[in-house]
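In the form predicted on its own, a lone chain appears below as structure tokens.
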């Protein structure tokens, strides 16, 4: 019986950036073995945005739980090794742009001939086929193309759109994980593999389904509302005591409103006709926000949160990354863990973000150095002799992370 949910599942990853590496990280958290294909000539671009390719924060986060196989795909023998490796895997994952995999002879149709039961997941900015399929895109670009960025702003912002956080990358990695798990179950029942085409723009567009429905149903084009909610008030982030300190407060019902007034020491607000019900409170949201901020601005956000939470009102500190690391609840749940990387040393990372009592998960491992597991994969999976491994390194078919030449070529 398997020790972990995906123990025994092997993934070959031609993933760069965030989408496919983050998918691999998640599958690794479930026990799968993830083999990332790189070479010092063509490393993951996330390695190249910092001086040391083995000390990139973005790379080290998304590529946890990976092994790195440094192999030169432009060499005939390197390509042969990849084809041999494909025979041993369950999942093939890639997010190279355009026709890269076709030119390498590693598209789905070619891979399926080698491994008929393969689950092949391909994720491009705009998917396969269609007028935009060859277009290049990153997270912020796809936020724009999907319509997501048009809603992510304050109503009085000069340009009416904002936010460059790569939401599509992370959303696609989780949706892709779900698709892979579904394909694994389908394979278990039918014995058949699967091709998964997951468009990053399409997943991003799905995040604004409510706005699409509003347009198709009401012919209404939604505009940015900032931190407010068109169906509730008070619902906003309120300035608190201190430098740039805030607390988010959300109320939906009249009962919550009355409780809120009592908890904040303002029972007179209940008698104000402007705030008599939800519809009125939405109409006078700006005036209400001013009154609430007069109360919150004299208190630190922790006090505001605890006063309201103790009364049963949804409220939370607007935390930054370092606040989240120190958050007692995150630490109690084990959501933050320390790992030691060979180059960057001990660092804190998000842990596996879910718990399933009675089910074990493997310990997360740090992101690999370039070519770190080349020897291991050649010996244990491809059954190459030590002599051949040494020879292939000398012929620049394999990368050896210990050599000065490899380090300099990065």
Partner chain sequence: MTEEKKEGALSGYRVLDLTDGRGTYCTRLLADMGAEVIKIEKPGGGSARSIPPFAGNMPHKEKSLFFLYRNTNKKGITLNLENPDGKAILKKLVTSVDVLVESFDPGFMKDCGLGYETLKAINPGLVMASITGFGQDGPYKDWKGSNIVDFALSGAMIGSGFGDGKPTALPGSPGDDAASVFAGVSIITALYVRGESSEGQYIDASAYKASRHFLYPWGLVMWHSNYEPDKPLPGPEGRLGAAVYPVFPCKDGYIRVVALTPRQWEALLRVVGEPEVLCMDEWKEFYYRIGNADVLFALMTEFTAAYTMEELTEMGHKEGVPIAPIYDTSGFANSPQTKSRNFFVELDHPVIGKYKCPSPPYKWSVSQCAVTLPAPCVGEHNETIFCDELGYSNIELSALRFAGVI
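Positions refer to the first chain, counted from 1. Keep in mind it's a predicted model, so treat the numbers as computed, not measured.
The form predicted in complex with its partner chain is left out here; the points below concern that form.
Interface residue in the predicted bound form among 87, 103, 113, 136, criterion: non-hydrogen atom within 4.5 angstroms of its partner chain | Residue within 4.5 Å of the partner: 136.
Listed residue that, although its partner chain is not shown, lies within 4.5 Å of it in the predicted bound form (heavy atoms), from 82, 288, 315, 240 = Among 82, 288, 315, 240, a heavy atom within 4.5 Å of its partner chain in the predicted bound form occurs only for 315.
Thinking of its partner chain in the predicted bound form, which stretch from 74-82, 280-288, 267-275, 330-338 has heavy atoms inside 4.5 Å of it?
-> That would be stretch 330-338.
Would residue 185 sit within 4.5 Å of its partner chain in the predicted bound form, counting heavy atoms only?
-> Yes - in the predicted bound form, heavy atoms of residue 185 and its partner chain come within 4.5 Å of each other.
Is residue 148 close enough to its partner chain in the predicted bound form to count, meaning some heavy atom within 4.5 Å?
-> Yes.
Just to confirm, residue 22 within 4.5 Å of its partner chain in the predicted bound form by heavy atoms?
-> Yes - in the predicted bound form, heavy atoms of residue 22 and its partner chain come within 4.5 Å of each other.
Is there a non-hydrogen atom of residue 355 within 4.5 angstroms of a non-hydrogen atom of its partner chain in the predicted bound form?
-> Within the cut-off, so yes.
Residues in 170-204 with any heavy atom within 4.5 Å of its partner chain in the predicted bound form = Contacting residues: 170, 171, 174, 175, 177, 178, 179, 181, 182, 183, 184, 185, 186, 188, 189, 192, 193, 194, 195, 196, 197, 198, 199, 201, 202, 203.
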